[in-house]
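Below, in structure tokens: the form predicted on its own, a single chain.
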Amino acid sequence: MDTVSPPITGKPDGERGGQVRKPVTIKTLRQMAARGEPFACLACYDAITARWLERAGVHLLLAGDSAAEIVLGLPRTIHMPLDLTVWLTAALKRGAPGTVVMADMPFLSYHTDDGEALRNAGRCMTEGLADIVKLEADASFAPIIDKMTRAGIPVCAHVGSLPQRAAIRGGYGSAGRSAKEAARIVEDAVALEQAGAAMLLLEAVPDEVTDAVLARTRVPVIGIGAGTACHGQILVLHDLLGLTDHPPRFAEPTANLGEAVRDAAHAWVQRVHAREIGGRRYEMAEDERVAFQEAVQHRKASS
């Protein structure tokens, strides 16, 4: 089958005459960034959804630690288990083998010991089939990013607002709104790129901070609530689809699936109540039906 370049605009794969895009890799994303072509990223958590997102032309999928909240119903991302990260990452890659899949390393999976950090990142790559791992970091994490890179593990360094540190601030929020903090975020980004980070993710910062990071670094920069200038953009899929009750201010839904899911489930409740569940029933061949009824009657007569 013929292949085409990763879609930038236009119709999803399923509407393009049966053609499929070439597999997207980290190299692809670098080339797109160099050409000034934005790439689309989403956080999701299962293989079937990943398959549809690949068909839609999404370039990168993140097995986000937001699954702690979205999937498990826990209050904060710090509750994400490492084993679940590994399993979800592998699920995304199996569902979307032609898409870059990023593992979001959970809280304390890379903080306490360099050896443990390397082993955990390695699990994300081998068991989890990840193409790249993401670490929430500042400049102090440069040594471990250097070690991971030298071990052959591509790293995306997440700077700006860091959800795993929300407890320090008393909740989720923006970053870089003071001159001092903005300058520190830029220096963090530079230090982590110099340590070997293959990509950066910049969260919840003013446009001025984004512009400064882009001016000082050369790797692809993914933004979330960081303005429109970034090379790539990412959101949590459930925020995009209108499934969350309180999405962050930077997440504008493109659908209202929450109400659609509610309405579909309510229709199912009504169908069950009316004993009109729909679909096709299984049937017995006539001779098998007669034989079964005779056997039932015989058991009744014998009892």
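For every residue, the number given is its place in the sequence shown, counted from 1. What you see is a predicted model, and the numbers here were worked out from it, not measured in a lab.
Heads up, the form predicted together with a small molecule isn't pictured, but that's what we're talking about next.
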Distance check, Ile224 to the small molecule in the model of the complex, heavy atom within 4.5 Å: yes
Close approach of Glu203 to the small molecule in the model of the complex, 4.5 Å, heavy atom: yes
Non-hydrogen atom contact Val236 with the small molecule in the model of the complex at 4.5 angstroms: yes
Contact of His231 with the small molecule in the model of the complex (heavy atom, 4.5 Å): no
Candidate spot Arg21, Arg51 and Gly98, all three touching the small molecule in the model of the complex (heavy atom, 4.5 Å): no
Among 57-65, 30-38, 259-267, 273-281, the region lying within 4.5 Å of the small molecule in the model of the complex by heavy atom distance: 57-65
